[in-house]
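Okay, so here's just one chain, in structure tokens, the form predicted on its own.
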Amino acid sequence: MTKISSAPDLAARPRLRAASKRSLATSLSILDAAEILFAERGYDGASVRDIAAAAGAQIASVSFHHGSKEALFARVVERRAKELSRLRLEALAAAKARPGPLTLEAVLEAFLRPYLEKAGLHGSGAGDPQWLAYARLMAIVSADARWHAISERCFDPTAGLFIAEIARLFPKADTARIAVAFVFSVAAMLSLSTSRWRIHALSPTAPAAAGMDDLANGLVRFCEAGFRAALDG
């Protein structure tokens, strides 16, 4: 009678782990490629075939790891949204913990700077191409009503908390005016993230690459002034 051993097949275990690592690497490569192509071409212009080719994967791998094209788009948007929200809320908590009253400038700093820092826009550096692509994706999601559910799920909860903080600073202000000024501020941040080259194109005497700290400070001042003008109005 043959004895059946209950011991695990140790020889097979390294192969299983290696396959899992390859699968994870393929999944991440698809997400990175999709992020770049969706940002460059929009949702309709980026084909699953092109995404697979850019990721060095088979077309079937895209649906295997991420489902439909629409599901892939949602995953691409969602994967950085959670981290970005955490960084913004941590910055807001730090601002509120500092001595003295909370200011509009501090609230705007807490919201705007975390993305600029994640994008790696420092000094004359070109920045992180994946996070820079994410700025374009955020703009796409914000501008196209068919992605309302993604925006509502990924961005609106955090935006709502910041709008509520600003409303507490300006208790007599119309919340609708605060929301409008907030949307304008987000648009300014995305524009700075993706169109720094326009600064030099429009001002030939400007340095080829302006320091990010100066630009970030200017962005915060610009948005703060815009908020005050909107709320005074």
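Bear in mind the structure is a predicted one, so any value in this text is a computation, not a measurement. Position 1 is the first residue in the sequence shown; the rest follow in order.
Heads up, the form predicted in complex with another copy of the chain isn't pictured, but that's what we're talking about next.
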* Contact between G56 and another copy of the chain in the predicted complex at 4.5 Å, heavy atoms? -> no
* To do: Report yes if any heavy atom of V186 sits within 4.5 Å of a heavy atom of another copy of the chain in the predicted complex; otherwise report no.
  => yes
* Asked: Heavy atom to heavy atom, is S142 within 4.5 Å of another copy of the chain in the predicted complex?
  -> yes
* Would L24 show up as a contact with another copy of the chain in the predicted complex if we use heavy atoms at 4.5 Å? -> no
* L72, E90 and Y115 each touching another copy of the chain in the predicted complex (heavy atom, 4.5 Å) -> no
* Residues within stretch 184-199 having a non-hydrogen atom within 4.5 Å of another copy of the chain in the predicted complex -> F184, S185, V186, A187, A188, S191, L192, T194, S195, W197, R198, I199
